[in-house]
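Starting off, we have a lone chain in the form predicted alone, written out as structure tokens.
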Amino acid sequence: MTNDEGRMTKDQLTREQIWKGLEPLRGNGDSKLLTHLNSCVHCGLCAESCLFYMATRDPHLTPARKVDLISSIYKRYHTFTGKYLPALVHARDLDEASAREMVDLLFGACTLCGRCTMHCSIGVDISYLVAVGRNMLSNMGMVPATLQSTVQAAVETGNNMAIPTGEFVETLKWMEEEVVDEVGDPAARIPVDEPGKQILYTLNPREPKFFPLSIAAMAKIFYVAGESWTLSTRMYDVTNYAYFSGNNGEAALIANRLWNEMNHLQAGSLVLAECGHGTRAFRWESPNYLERGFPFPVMSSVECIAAYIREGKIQLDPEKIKTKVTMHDPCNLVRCGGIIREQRYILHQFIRDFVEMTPGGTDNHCCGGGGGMLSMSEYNERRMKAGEIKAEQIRISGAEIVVTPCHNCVDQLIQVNATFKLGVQIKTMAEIVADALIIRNQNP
């Protein structure tokens, strides 16, 4: 039933919303989409790989349920049986009820961590299908408002926390003073907007807003390495929450700004700060969004630090940190990006008592903070319930310091630490490396 304006009744989606929502499923003959939509054999093995199911034992939250939901809508509009005998194949209309269920399952019960994909018995790319579902919801204007506000801040201001440029510059000046004190060299600097440098370095906006000492830590590493580098005041945000919201247009806009800043400053290479999804969204996804390859090298700060150690540009003192250390692997960096050995290589250079979490590496459990979950306050209770799995891993490790090369993971782990009373320290890779740096004055 419609009203005089052709819009659906109060409790239903508009025709325009439904049309836009179905667009990603049309696929234009996309064989990948069709293959993964039609391949699930309902074996159930994915359930035990999902932190939300493991934490709640709610069968509604299993990855297979998420796949079925998207597949049922596809069948309803794109298969003969689904169109004319929908009950026979459990096909569903894209209506208010199914859309609301999609929001709850695809945004509120998934971090896009990819562990279910890795454990699928026949290789269904469940994360990819969840991303398609998020794209559908984005087209319908049904991204959770809390997540969309984070994206909007980045679109409108250039960083996801809407930090004014003046405030950002003042923070950098403050941190520069910190670096000068620690290295004992008045010439030590945090360069800003300087063209022609070898490296353009990025930041997660959580650093200038909440964790400015992380900026100082990486600046110390660059100083000791004798690096030619700069930050930008125009575009320094490594994150791209539009990757989580499913809006490919906004994701491309954000990625293009960083690309343009590389050209503007004529930097030699781009080093991405400690952010799992930021690294994935720019390094591996932005060439797809922007339909062009990189004309400049792109690496994570973890890879940069490891290279400094291998090349002898920095040395680390193994006497500095004597407590037991463990590491949380960020899903997007490790399982989805293949950066596994570098962070372990770094820690083994100076940590005498390092212990792996079990499971770890590519089979690690997500901390619960990814997928945009940290920005969606309406799911806080579910997020922290899922975080209990990581808390137990940390307890079992017996470590006093937990290192993770991702600021989103840092934020989640800080909350997990407080909620479950773990009594550990949470550090980024740059922070723990800076703690052990052997500092040699670059201007004797």
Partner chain sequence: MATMEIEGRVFEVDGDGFLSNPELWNDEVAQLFARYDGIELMNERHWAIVRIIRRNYEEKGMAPMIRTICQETGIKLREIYELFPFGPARGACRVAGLPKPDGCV
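Numbering follows the first chain given and starts at 1. This structure is a prediction, so every number in the text was calculated from the model and none was measured.
What comes next is about the form predicted in complex with its partner chain, which does not appear here.
Although the partner is absent here, L374 sits close enough that one of its heavy atoms falls within 4.5 Å of its partner chain in the predicted complex. Mapping the unseen interface onto this chain, T404 falls outside it, with no heavy atom inside 4.5 Å of its partner chain in the predicted complex. In the predicted complex, at least one heavy atom of R206 sits within 4.5 Å of a heavy atom of its partner chain. In the predicted complex, its partner chain stays beyond 4.5 Å of every heavy atom belonging to S39. The partner is absent here, but in the predicted complex a heavy atom of E167, alone among D95, E356, E167, D317, sits within 4.5 Å of its partner chain. Among F282, Y241, Y223, Y201, the residue placing a heavy atom within 4.5 Å of its partner chain in the predicted complex is Y241.
Here the chain stands by itself, but in the predicted complex one stretch of 152-160, 87-95, 119-127, 101-109, 152-160, has heavy atoms within 4.5 Å of its partner chain.
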